[in-house]
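One chain comes next, on its own, written out as structure tokens in the form predicted alone.
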Amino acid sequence: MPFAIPKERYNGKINTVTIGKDNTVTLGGAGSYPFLGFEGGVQAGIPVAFEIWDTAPSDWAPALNEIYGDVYADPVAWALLCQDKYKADMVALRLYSTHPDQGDSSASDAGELVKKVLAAIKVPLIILGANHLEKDAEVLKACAEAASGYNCLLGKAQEKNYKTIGAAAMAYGHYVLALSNLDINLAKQLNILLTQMGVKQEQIVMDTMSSSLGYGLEYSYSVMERVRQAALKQNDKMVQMPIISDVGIEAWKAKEAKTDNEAWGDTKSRGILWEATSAIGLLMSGSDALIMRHPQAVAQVRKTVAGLMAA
């Protein structure tokens, strides 16, 4: 007697968001739960953005310093290294020095840097603030103007600064990365607020807040799982936006990823595996794209995704 694989039926589909100018990348498009190819509706791929900073990091692990140390002082060279050598699908520029406690560099300086990076690279650009509500609104507004015509992803918009960032995205033709704090209701509410001010649903990407292995991954997983259930099974259009997971910054915070300890094995390999494992866990819960750091971790994730897509 032949065995028929049971299949779920879905009522909704994840929106697609295409960022970039000449060489574009599309996020989303799934019509089923992650990697269930036999049910159909799986997105074409999982794009990975390599994270770069506008200033030299002081606390990155040695495993990262040996890869990027020579280009820390030049964000343009850093972006090109990620694009040309490590085949980044996107570049995520984190404007860390704009934070009032980390240099307080100006919005105009950030805008000028964005222009230089965009002039150098071919892949799409994600522009990230320093996670300071007031300063991010000012900085991302200037960067949106500087990047006009390049269809970038601006973030992260939060409940207290979404109006400025959303308005800048609409004015200059960009997309909004909306951050909510591990709560499906907060994620939905922020999307509603953005759409009420005129941002189209197809202009929004969600970050439901990423966590790493051993440091809250299960919370991120469960929230993203609920978001995907509401989007696909309940056809809730206010949570049908693609999700991007900012995994590198979280994974490399873990002491297990960067602390020398003979009992734990090789530090470099451990850090790479910590990032890769965290990323794969978030993909399993419904993430559509990733922001990562170490090229070997990215390679491991890409290999795993290729195997799952082919299954």
Partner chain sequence: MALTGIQIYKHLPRTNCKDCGFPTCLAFAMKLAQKQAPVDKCPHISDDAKAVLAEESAPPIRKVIIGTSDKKVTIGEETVLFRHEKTFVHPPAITLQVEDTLGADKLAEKIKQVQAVCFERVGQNLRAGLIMVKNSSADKDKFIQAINTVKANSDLPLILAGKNAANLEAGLEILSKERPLIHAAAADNYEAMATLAKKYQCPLAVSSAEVLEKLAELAEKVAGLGVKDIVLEPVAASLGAGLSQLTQIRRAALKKSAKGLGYPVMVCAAADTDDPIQEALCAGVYVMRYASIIVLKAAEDWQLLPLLTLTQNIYTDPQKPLQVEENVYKIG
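Residue numbers count along the first chain shown, from 1. Computed from a predicted model, the values in this text were never measured in an experiment.
Omitted here: the form predicted together with its partner chain. The next part is about that form.
- Its partner chain in the model of the complex comes within 4.5 Å of no heavy atom belonging to Leu113.
- For Arg226, a non-hydrogen atom is located within 4.5 Å of its partner chain in the model of the complex, even though that partner is not displayed.
- Though the partner is left out of this view, Gln300 does reach within 4.5 Å of its partner chain in the model of the complex, counting heavy atoms only.
- Its partner chain is not shown here, but in the model of the complex it comes within 4.5 Å of a heavy atom of Ser269.
- The contact residue chosen from Pro47, Gly281, Gly29, Pro57 relative to its partner chain in the model of the complex is Gly281, the criterion being a non-hydrogen atom within 4.5 angstroms.
- With its partner chain left out of view, the stretch that reaches within 4.5 Å of it through heavy atoms in the model of the complex is, among 48-56, 241-249, 66-74, 259-267, 259-267.
- Annotation for 202-229: interface residues with its partner chain in the model of the complex are Leu213, Gly214, Tyr215, Leu217, Glu218, Tyr219, Tyr221, Ser222, Glu225, Arg226, Gln229 [heavy atom within 4.5 Å].
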